[in-house]
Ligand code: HEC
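A single chain, nothing else alongside it, follows as C-alpha cells in the form predicted alone.
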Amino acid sequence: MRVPIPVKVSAFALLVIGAYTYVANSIPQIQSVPPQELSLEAGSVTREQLVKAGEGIFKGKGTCEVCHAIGQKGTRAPDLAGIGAAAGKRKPGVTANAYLIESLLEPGAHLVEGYPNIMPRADRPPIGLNRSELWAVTAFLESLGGTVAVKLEDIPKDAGAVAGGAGGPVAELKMPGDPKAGQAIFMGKGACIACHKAGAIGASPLGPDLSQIARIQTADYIMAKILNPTAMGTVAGFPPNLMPPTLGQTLTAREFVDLMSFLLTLKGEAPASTAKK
C-alpha cells in the first residue's frame, strides 16, 4: 500500500521536531539569575564599588563626557585629569570632596578661567542625579589623582529633591510648540544650520554640536542663549560673538517656541538628535 505524500511529510516533520527536542533537553540548563542592584545607601558598598558606580554615572546618566574629558585638552569644559588632587588646593580651607560636591550642585561657584558658567546643576534636569549618584560621582572624581574620602553624609540631604524639601525628581519642562516646525526654523529662517550640527542635520563645525543639547543643558540656558548669546558666555574652543544677537527680534513668539521645542528633542538618541550652544 502506498503511503500518501502528505502523510510522509508530516511523519518526517514530527521526526525532526522530536530529534531537536531530545537534543535540547539533553543540554544542561543554566538558571538565569539577574545581577543584584548595587545599593549605595545600604552601608555595605566598598570604595571600589562606589568609584566604579561613579564612573558609570559619569559616562552615562551624568553625561559628563559630553563636555569634560580626562587627560585631553580642547574640550568645552575643563580637563578633569588629576582633579581629585587639585580640588583640595583650589580654595583655602575647603576639602577636595567639599569642593567637588559644591561644583556639582553650584557649578558657578568655582569657575575655571577661560570657561563660561554653562554647567547645569547635576541634581536638576536635564541631568537629575539623586543623592546616591552624586556620592558615587564625587568618589570617582576624587579617585582621579586623589584619595576617596567622601561619605554619603557629605552630600546635602535635599540634593536631588524638589526645592522645598519634598522628595522626587523635578518635573522636566515641556514646551507647547511644534518640534517639526522648529526643525524647519532651525534649517531655514533661524539659519542655525549654518553654524550648528543637530544629529543628522547639518555638519558645520563653526558652532558647538547641538546633538545632545537637551541632555546637558537646561531649557532656561537654551532660551537665554538664543535671546542674548553674549550674556551666556562662549563655549570653550569656539570663536566669540559668532551667534547673532537678533534672533529674539527676527523670530515671532510662535517660531521661538517651536524652535525651543525642537532643541529640547535633541538628546543624542535619534538620527535627528544631538548637543550645545
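All residue numbers refer to positions in the sequence shown, first residue = 1. None of these values were measured; they are calculated from a predicted model.
Not on display, but discussed next: the form predicted together with this ligand.
- The candidate spot formed by Pro78, Leu111 and Ile213 lies fully in contact with this ligand in the predicted bound form, as each residue has a heavy atom within 4.5 Å of it.
- For Cys192, a non-hydrogen atom is located within 4.5 Å of this ligand in the predicted bound form, even though that partner is not displayed.
- This ligand is not drawn, but in the predicted bound form it has a heavy atom within 4.5 Å of Ser103.
- Heavy atoms of Met243 reach within 4.5 Å of this ligand in the predicted bound form, making it an interface residue.
- Contact check for Pro120: a non-hydrogen atom falls within 4.5 Å of this ligand in the predicted bound form.
- Checked against this ligand in the predicted bound form, the residues Val148, Leu129, Met175, Ile201 give one hit for a heavy atom within 4.5 Å, which is Leu129.
- If you take 234-254 and check each residue for a heavy atom within 4.5 Å of this ligand in the predicted bound form, you get Thr234, Val235, Phe238, Pro239, Leu242, Met243, Pro244, Leu247, in sequence order.
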